[in-house]
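The chain below stands alone, shown as structure tokens; this is the form predicted on its own.
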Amino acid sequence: MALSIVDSCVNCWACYDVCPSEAIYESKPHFKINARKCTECEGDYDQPQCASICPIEEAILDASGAPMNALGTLTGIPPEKMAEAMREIQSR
């Protein structure tokens, strides 16, 4: 049981201080999670604190590799609407 941080992480430090098990550490090019220390906040919180505060969608994955904060969960914009808006912006 452990979460992971992927390359889209921007090293904003938001997750670092909220991890109750001190499993998150600075690395290059992005933060990482020590799988031996990560408890997914079980016993401390209802949900993993790193994922609840992360400002980057799909940057933190659960143990099965699914994003903890999927596309659209932070912006409130469904992925298909975001893609449509980006196409419109890029065509200008």
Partner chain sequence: MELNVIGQDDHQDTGSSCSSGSCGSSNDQMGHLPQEIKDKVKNHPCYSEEAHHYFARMHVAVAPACNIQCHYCNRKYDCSNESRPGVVSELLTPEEAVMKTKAVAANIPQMTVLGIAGPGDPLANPERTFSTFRMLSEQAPDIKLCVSTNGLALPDAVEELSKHNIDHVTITINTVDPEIGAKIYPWIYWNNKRIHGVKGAKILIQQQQKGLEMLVAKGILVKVNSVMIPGVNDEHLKEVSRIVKSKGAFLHNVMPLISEAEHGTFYGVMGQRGPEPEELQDLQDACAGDMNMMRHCRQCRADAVGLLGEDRGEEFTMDKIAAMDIDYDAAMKKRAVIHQGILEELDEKEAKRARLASASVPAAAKPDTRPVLMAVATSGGGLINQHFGHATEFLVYEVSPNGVRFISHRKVDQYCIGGDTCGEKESALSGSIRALKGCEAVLCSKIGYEPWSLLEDAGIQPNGEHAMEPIEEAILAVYEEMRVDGRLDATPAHVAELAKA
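This is a predicted model, so every value here is computed, not measured. Residue numbers count along the first chain shown, from 1.
From this point on, the text means the form predicted in complex with its partner chain, which you will not see here.
Task: 4.5 Å heavy atom contact, Ser27 to its partner chain in the model of the complex - done: Contact check for Ser27: no, nothing within 4.5 Å of its partner chain in the model of the complex.
Task: Heavy atom of Pro55 within 4.5 Å of its partner chain in the model of the complex - done: Pro55: yes, in contact with its partner chain in the model of the complex.
- [ ] State yes or no: in the model of the complex, is some non-hydrogen atom of Ala51 no more than 4.5 angstroms from a non-hydrogen atom of its partner chain?
- [x] Close contact exists here: in the model of the complex, Ala51 approaches its partner chain to within 4.5 Å, heavy atoms only.
Task: 4.5 angstroms heavy atom contact with its partner chain in the model of the complex for Glu22 - done: It does not: once its partner chain is placed as it appears in the model of the complex, Glu22 has no heavy atom within 4.5 Å of it.
Open item on the list: Is it the case in the model of the complex that Ala14, Val18 and Asn69 each bring at least one heavy atom within 4.5 Å of its partner chain?
Closed with: Yes: Ala14, Val18 and Asn69 each sit within 4.5 Å of its partner chain in the model of the complex.
- [ ] Residue by residue through 51-83, tell me which have a non-hydrogen atom within 4.5 angstroms of its partner chain in the model of the complex.
- [x] Stretch hits, in order: Ala51, Ser52, Ile53, Cys54, Pro55, Ile56, Asn69, Thr73, Leu74, Thr75, Gly76, Ile77, Pro78, Lys81, Met82.
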